[in-house]
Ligand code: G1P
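This document opens with one chain alone, in structure tokens, the form predicted on its own.
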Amino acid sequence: MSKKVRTAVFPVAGLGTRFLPATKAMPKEMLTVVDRPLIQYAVDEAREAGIEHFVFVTGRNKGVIEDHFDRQFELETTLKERGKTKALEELQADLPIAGQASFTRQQEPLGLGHAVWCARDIVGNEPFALLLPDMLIKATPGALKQMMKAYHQNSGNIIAVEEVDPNDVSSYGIVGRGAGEDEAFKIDQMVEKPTIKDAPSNLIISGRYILQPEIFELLGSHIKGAGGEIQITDAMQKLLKTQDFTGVKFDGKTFDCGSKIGFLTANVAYALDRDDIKGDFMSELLNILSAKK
């Protein structure tokens, strides 16, 4: 039987340089898609999948993330006094209960793999989920919940994958596809940003993982890879030699909110799903497009 995945790790220490000056004083994970921060979408996805403990790996100037997941008594009192009951209930529903959230600091920007390693003592000797908040996945049910189904059937390590244009494979980590169906297939190799000729498929690693704790020992070697950083993909390549990795081609769409185009597109897609604003928003979009023509 698969050991239950109770903990999720959220690496939120990045500098967000592609969104300067907006991210000079505000973490990129707090940028909003419609009216919810990116990090809140990731936490919601994890909660839906049954996660009980949320671990945030932060860095300098990231205190606002911790504040976001804490109670703000003055705001709550004001909302209550003004009769804004719905807004108050929504705020309270977003909060982890006491003791569910942990925060640790990545003191140097040494890469995603190093950020994950910083959570090792909090996670302990258990499997854990890893969610990259700037990879916003629009899916019902959420991508992690879809992955949990595959995990309970296959155990081991699970990676969410998505097809891209073969011409774009050099921008991503790519997996090689072994036996199995879209819902769960064996991964037989991983390649970081291959050329079109060397890519084993056009299936990219989409920022959602379920990993076994042995990954921490491999990350602890602190061997630098692409870009002079400690890469999670390098550690997974080594772990692949001794443990199974399963790919899940989830039903949904990823918006790379680390890029301006992905972020703006996500705002449009999520706004058009909102019954309270989609009509007026569509009208304004059409007006803008008509004027541009």
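Residue indices: 1-based, along the sequence shown. Computed from a predicted model, the values in this text were never measured in an experiment.
Same protein, other form: the form predicted together with this ligand, not shown, and the subject of what follows.
> Run the contact test on T140, A266 and A269 with a 4.5 Å heavy atom cut-off to this ligand in the predicted complex and return yes or no.
No: none of T140, A266 and A269 comes within 4.5 Å of this ligand in the predicted complex.
> Even though the partner isn't displayed, in the predicted complex is M135 close enough to this ligand, meaning a heavy atom within 4.5 Å?
Taking the distances in the predicted complex, the answer for M135 is yes, it comes within 4.5 Å of this ligand.
> State yes or no: in the predicted complex, is some non-hydrogen atom of Q40 no more than 4.5 angstroms from a non-hydrogen atom of this ligand?
Heavy-atom contact with this ligand at 4.5 Å: absent for Q40.
> Even though the partner isn't displayed, in the predicted complex is E192 close enough to this ligand, meaning a heavy atom within 4.5 Å?
Result yes; E192 sits at the interface with this ligand in the predicted complex.
> Might P127 be said to contact this ligand in the predicted complex, defining contact as any heavy atom within 4.5 Å?
Close contact is absent here: in the predicted complex, P127 is far from this ligand, nothing within 4.5 Å, heavy atoms only.
> Pick from 147-155, 213-221, 200-208, 93-101: which stretch has a heavy atom within 4.5 Å of this ligand in the predicted complex?
Contact-bearing stretch, as computed: 200-208.
> Among L112, I187, V123, C118, which has at least one heavy atom within 4.5 Å of this ligand in the predicted complex?
Looking at L112, I187, V123, C118 one by one, just L112 meets the 4.5 Å heavy-atom criterion.
> Would you give me the residues of 150-185 that have any heavy atom within 4.5 Å of this ligand in the predicted complex, in order from first to last?
Residues within 4.5 Å: Y172, G173.
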